[in-house]
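Just the one chain here, laid out as structure tokens, in the form predicted on its own.
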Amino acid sequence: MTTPNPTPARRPRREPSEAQLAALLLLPAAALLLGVLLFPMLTTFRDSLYLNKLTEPWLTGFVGLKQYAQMLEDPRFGQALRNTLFFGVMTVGGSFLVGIPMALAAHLPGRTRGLARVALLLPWAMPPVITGLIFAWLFNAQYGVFNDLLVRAGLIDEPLRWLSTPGLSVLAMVVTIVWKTSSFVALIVLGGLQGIPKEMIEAAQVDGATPTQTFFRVILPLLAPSLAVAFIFRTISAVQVFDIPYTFIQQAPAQGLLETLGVYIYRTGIEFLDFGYAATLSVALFALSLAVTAVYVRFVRDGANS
């Protein structure tokens, strides 16, 4: 009599590790990002290597890095790059100078806190193009509100030509961008303020710290992560700014001082129909944004290790 072979014992099913599970869960999002981001980037770089100008359709073909050499010798590109960096420094700094007090006003208890939060959300929710059009009207030399207020206050004798005077047009656009973007900084800082334990502030007050000392020695260091996040996002958006400068350029004769790199790319591709050179300029803008991000990551990493 034969005995049946014993059924082999099943091996216990191995559960994926946390790292493997995280990778599986992130895989669909990663694939989507690669399709949405990587494919346009590679296509743009490929187009930058070819001539593709609709006004001269007979000039087509592979030119390699010739258009990059043309870009480096292009004075208009140099002017647009300088304008972009100038507006970036001025508007990023201004948005923090305005945004942090706005966040404090929306955070501290009082009767005006609700009004401050509503005022904080309004610039952030308004589309940039609408913001540019409204401020171009406010700065109008004939019927602008700002000139009327300055004349009534006795600060000027006659209306200023904000949009036709080179220096004033630059100032007007800086004010407009700061008004629009400071609310974003304020929202990030407000979130950081609400995460600070009240016990730490109360302990500083018990130790005799003044409100100024409490802010600079307790609150501001604890806001460093929030400020860092706001800084990188504001810097990248400042480098890529397009909407407000474009709307101002339609109203201002001094276009050269207001044309950013994003506006120059748009005009090269849409108005001049030079898609190959526009792709080259787009690659340069991407490289500038990538450089800003790399510097930020390096700075944050060094700060964390020190």
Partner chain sequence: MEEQTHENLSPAQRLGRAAALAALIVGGFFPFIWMLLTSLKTEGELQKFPVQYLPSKLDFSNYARVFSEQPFAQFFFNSLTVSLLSTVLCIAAAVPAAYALARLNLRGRGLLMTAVVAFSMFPVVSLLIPLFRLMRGANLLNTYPALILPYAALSLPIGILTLVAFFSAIPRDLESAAMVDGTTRVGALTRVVLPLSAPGVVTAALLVFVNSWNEFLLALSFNTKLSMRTVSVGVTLYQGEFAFPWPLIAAAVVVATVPLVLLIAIFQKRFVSGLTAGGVKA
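What we label the rigid core is the largest C-alpha set whose atoms superpose within 1.5 Å from one form to the other. Numbering follows the first chain given and starts at 1. Please read these numbers as outputs of a predicted model, since none were measured by experiment.
Not pictured, yet referred to below: the form predicted together with the partner chain.
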Next item on the list: Would you check whether the partner chain, in the predicted bound form, lies within 4.5 angstroms of a non-hydrogen atom from each of 78, 85 and 218?
Entry: no
Note to self: I'd like to know whether residue 178 contacts the partner chain in the predicted bound form, with contact meaning heavy atoms within 4.5 angstroms.
What the structure shows: no
Notebook entry, point to check: Is there any non-hydrogen atom of residue 40 lying within 4.5 Å of the partner chain in the predicted bound form?
Noted result: yes
Checklist line | the partner chain contact at residue 121 in the predicted bound form, heavy atom, 4.5 Å | finding: yes
Notebook entry, point to check: Given that the partner is absent here, does residue 59 sit within 4.5 Å of the partner chain in the predicted bound form, heavy atoms only?
Noted result: no
Note to self: Partner absent here, but in the predicted bound form, which of 132-140, 166-174, 70-78, 85-93 has residues with a heavy atom within 4.5 Å of the partner chain?
What the structure shows: 132-140
Next item on the list: Note that the partner chain is not shown here; using its position in the predicted bound form, name the residues of 26-64 with a heavy atom within 4.5 Å of it, in sequence order.
Entry: 26, 28, 29, 32, 33, 34, 35, 36, 37, 38, 39, 40, 41, 43, 44, 45, 47, 52
Next item on the list: Determine whether the C-alpha of residue 167 shifts by 2 Å or more between the shown form and the other one once the rigid core is superposed.
Entry: no
Item checked: Core-superposed C-alpha of residue 194 shifting 2 Å or more between the shown form and the other one -> no
Next item on the list: Once the core is aligned, please say if the CA of residue 110 is shifted by at least 2 angstroms between the shown form and the other one.
Entry: yes
